[in-house]
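Take a look at this one chain, the form predicted on its own, written out in structure tokens.
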């Protein structure tokens, strides 16, 4: 079973025979068994050379890079090997045809908002009094089918998120200063957690897209742009409520993460290394959690649900089966 490797120490990452070796400044090293590795996350100050990148590319091994503050900065995305010209043409056709693009984009928001409602219902049943917000989001969801362009759809999505985030102070047991979503840079511990965990979901989606024949730069809800894998943004919208938001609620409500795990530096409010490690442990456990798939009739991990979403999208693009976004059923 392949694993994600999270490297926090500073040092040098380079090829050593048939492994990737991480050598710390004091000479201690750790060998990464590449045949057991799905992807690598770099959180420390790591130097690597083209020989390392060539080897990672040869192994089809993505490397995700985070800066000093723990914010995602980019990925080494190896050359595509699972390429399909026919699928690429269909991906582009569904993007350039506004009607077809909107059909897919609406499914992303339908599924994401449904999963948001599932989170709110869970806490509402635990006496958090979220009925009015649930009703408001239900009303906003009715607007999704009436939107006629991507801009309007993004507006509905933004309104749903605003109502949702307004519920978080009722859901989170700790005293938190969270009034709205702030990204650049996040201004409190909740916004920092959202940025950090959402970036992990984004990179996991990118890793799963990589093993399919989908092109990660052609998207439907978010606009394709330079220097970003926008399809990963699209797919991660669906899984944020299940993975990202639930992890944040869990670590805060169990007091695993508190203000002590954060530090303010200039304009940045960021997680300390210890806090990141605790969140990453929860994240890994979450992705490895399994549920019995109602159609496949077997247990699948949360991570595999992401890959299945990619396959569902492929089936839609080639005209095999209409795409329906993932909705929590348990």
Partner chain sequence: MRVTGTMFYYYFVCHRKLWCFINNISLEDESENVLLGKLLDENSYGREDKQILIDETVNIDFIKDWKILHEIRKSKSIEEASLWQVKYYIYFLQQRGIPIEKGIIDYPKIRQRKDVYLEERDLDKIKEIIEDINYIAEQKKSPVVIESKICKSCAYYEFCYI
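Numbering follows the first chain given and starts at 1. The shown structure was predicted, so the numbers you read here are calculated from the model rather than taken from an experiment.
Not pictured, yet referred to below: the form predicted in complex with the partner chain.
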Triplet 17, 30 and 78 all within 4.5 Å of the partner chain in the model of the complex via a heavy atom: no
4.5 Å heavy atom contact, residue 21 to the partner chain in the model of the complex: no
The partner chain contact at residue 90 in the model of the complex, heavy atom, 4.5 Å: yes
In the model of the complex, residue 86 touching the partner chain (heavy atom, 4.5 Å): yes
Residue 59 within 4.5 Å of the partner chain in the model of the complex, heavy atoms: no
In the model of the complex, the residue from 264, 51, 289, 298 that sits within 4.5 Å of the partner chain by heavy atoms: 298
Residues within stretch 297 to 316 having a non-hydrogen atom within 4.5 Å of the partner chain in the model of the complex: 298, 300, 304, 307, 308, 311, 312, 314, 315
